[in-house]
Structure formats: C-alpha cells, structure tokens
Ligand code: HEM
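As a starting point, one isolated chain is supplied in structure tokens, in the form predicted on its own.
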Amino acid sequence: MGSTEDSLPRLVAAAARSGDLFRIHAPGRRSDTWILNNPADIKRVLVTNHRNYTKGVGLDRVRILLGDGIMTSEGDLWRRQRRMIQPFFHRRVIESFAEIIEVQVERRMALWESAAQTGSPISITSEMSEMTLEIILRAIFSVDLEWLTERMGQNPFALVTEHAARDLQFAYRFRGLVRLVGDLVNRRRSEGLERHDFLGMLMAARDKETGAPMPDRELLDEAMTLIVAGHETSASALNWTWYLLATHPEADAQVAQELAQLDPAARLSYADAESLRHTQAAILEAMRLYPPGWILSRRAIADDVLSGHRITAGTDLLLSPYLIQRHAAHWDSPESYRPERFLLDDPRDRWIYIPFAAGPRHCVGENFAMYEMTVHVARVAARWRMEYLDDGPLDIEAAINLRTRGDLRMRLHPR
C-alpha cells in the first residue's frame, strides 16, 4: 500500500468488501498484511499496547530520506529524542514563531495582489508548498537561512518544492544537504551564536536523565525531519482546505463572517487562533476527508489479539486515517464536507479522527501546524474568496502524503 498509483482505491475497495479487520497478500514481500479499521483496534495498536508495535512497511524508504529522526527511530533512541524535542512544541514556544508565520503569510499575499487585481489564476498548490517551506525553514534556521543560501548561491532546500516525486533521487539529493546543515551547526558553535529557532533548540537540548547533548548525527537527522514533516503535511492540508472552501460557498461564508471582526494589523496569538472555531473547523474537516498522512504502518513484536483474531509476532499492520475518518458507521454523510461537525460537543470515539496519528507517536508538530494553518487561512479568507477554476474529479496521489496529482488553480475575489 502506498507504493502504487492505485493503492488508495484498492484499499477502499478491499475495506468495503472485507470489513474492519482483514488480510491482504503483498506479493512483493511474500507476506500478508493486516488492515485495521476499528476504533478499538486502532487504540490498542497506537496507545494501550503501543510498546508491542514498531514502525512497519515502508520505513526503510523513509529512513533513506530522514535518517533516524523521531519519525523513523525506535526504542530507547526514539524515547530519548522525543523527550528532548517535545518541549519545543509547547504552545508558548510555538507562539514565539508568530512573527515568522505572519510575515511569510503577508509576503505571500503581497505576491498575490496583482493576480487578484487582474483576475489572473494562481496555483494554490505550488503557493502553499512554497509558503509552508519558507515558514518551516525560517523557524528552523531563522536569520541563518541567508547564510545557507549564500553558501549555495540559492536556497538549498528549494528542491523540496521543485522535485515533487519522493523517489530515491530526491532522497539522495536531500540527504546531501546534511553536511551543509552540519557546517552551520559548527559555525554557531565556533562563533558562539545563539538563535531562537528549532536548530538552536536542538543544539541546546539536554537529556534529562544524563544531561548529555544530542549527538550531532541525531541532531542533523532531527533537523532534516523537521524540514520535510513541517512542510509537506501543512502544504497538503492547506491545499485541500482551499479546494473545499472554494467548492462549498456556505462553509466559506461562515469562515468569512467569523473573520470579519479581525483586526488585520493585530498579530494572532495562539489563543486567538484557537478562538476562530469556524476557521479551525474548516481545516479539521479538510483533514478528515484528506488526511495528509493517509496510512500508518506497524509491525507486531509479540503475539496480540485484535477483534478476537490472533496477530502473530512479525505481522505487518496498516491503519488508515483515510478509511476510519470516512467510515459510515462513525460519521454522518462521511463523504460530505461539513465543518460544522467540529463545532459540536460530540461524544464520538476519539480514535476515529487521527490525522496526526495518536498515542505516544502522535505528530509532535501538531500544535505548530494548526497554528500556522489557522493564521494563514484567517488572513487570506478575510481578504479574498477563492474560485476553483478546474473541472472534473480530482486526481489524488496517495504516496507518502495524500496530495493532488496536479496543481489546483484558483482565482482571488475581494470580499
């Protein structure tokens, strides 16, 4: 799953035929893989018995790209890294990046101004990719992004947006930038440079049990992980959010009405962003229908029992946020875009909505992503309404992330 163009439709069809726990045979691996689509099983694998499961199918491909960052590491290494990184994403720390986020959002909007005045289309897909990359690079490297750019003669990380395929060629080119980031780490140390950015936090982090700093190899792997994970999921989620708002006028109008009272000159605090309930609901519902991380893989360490079936040690499992978040047993009108469902005090099972995964290995950057996306949608939707210009069904690319295969074209209309 996730390795061929028809992976997603095959998964959906198999679930419709076989229910909430079933096996599929993977000829390439000469083994069976279990598919879980039951909230109780999802909770057991991700939370209550999570120590019995490691990352599974596809991990090797991701490790080539990201090394042993917290997305791919296991065991004691993962636990140590997670403890050291978790404090970076406290809401007070995230709010300290408000200026970076606001400046990049305003910069992007300024670039759109002439297109809005002339009615020229913009590619919201490429625009979201470029903006979210710039935000995460500034959050990681702050003013030293210019130093890195000068060293290379251009933004060395531009390949993240320029090379859409996440193949081995991209992975090797991207990993080739590790040495450049290492040079920056050495420069900061030799010159005594202290920066308030994620790289600075990685360099200053200390293990609470031993007091030891993060080894350089792990530090660099975490920095590279932040670049990819901090860019691609937010870019994808925003792309889907704008598509859905543009094609659902009532939802768009509710967001615009909420934003009409905003002061465009006042920076949005973390609490301000949380108070924009319609805006956040629009994003959350977009991620329900189109979760960027659409598939999660695990492998059983020891035997377990799921839905009454014995799962033997070494068994590969797949959990799909896409499937559970469109499950007709848990969601009314599951294929419909209805942001209002996130405005209710709904007692639904929490394990049926997992766009950031769940449990100890849930996405550490969830709060940063939601803050960044809310600020962006709030600023843009307060000024413009988007008109979707393309016809026909969307072509979905279900690879590492769930993306549109082609760029989505939008026209901006003043509110």
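Start at 1 and count along the sequence shown; that's the residue number. What you are looking at is a predicted structure, and each value in this text was computed from that prediction instead of being measured.
Not on display, but discussed next: the form predicted in complex with the ligand.
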With the partner omitted here, the residue among 286, 84, 226, 199 that in the model of the complex has a heavy atom within 4.5 Å of the ligand is 226
Picking from 78, 170, 337, 342, the single residue whose non-hydrogen atoms come within 4.5 angstroms of the ligand in the model of the complex is 78
Only one of 119-127, 67-75, 325-333, 299-307 sits within 4.5 Å of the ligand in the model of the complex by heavy atom distance, namely 67-75
With the partner left out of view, is residue 35 within 4.5 angstroms of the ligand in the model of the complex by any non-hydrogen atom? no
Indicate whether the ligand has at least one heavy atom within 4.5 Å of a heavy atom of residue 351 in the model of the complex. no
Do residue 368 and the ligand come within 4.5 Å of each other in the model of the complex, heavy atoms counted? yes
Would residue 237 count as touching the ligand in the model of the complex under a 4.5 Å heavy atom rule? yes
Which of the residues spanning 120-149 lie within 4.5 Å of the ligand in the model of the complex, based on heavy atoms? 136
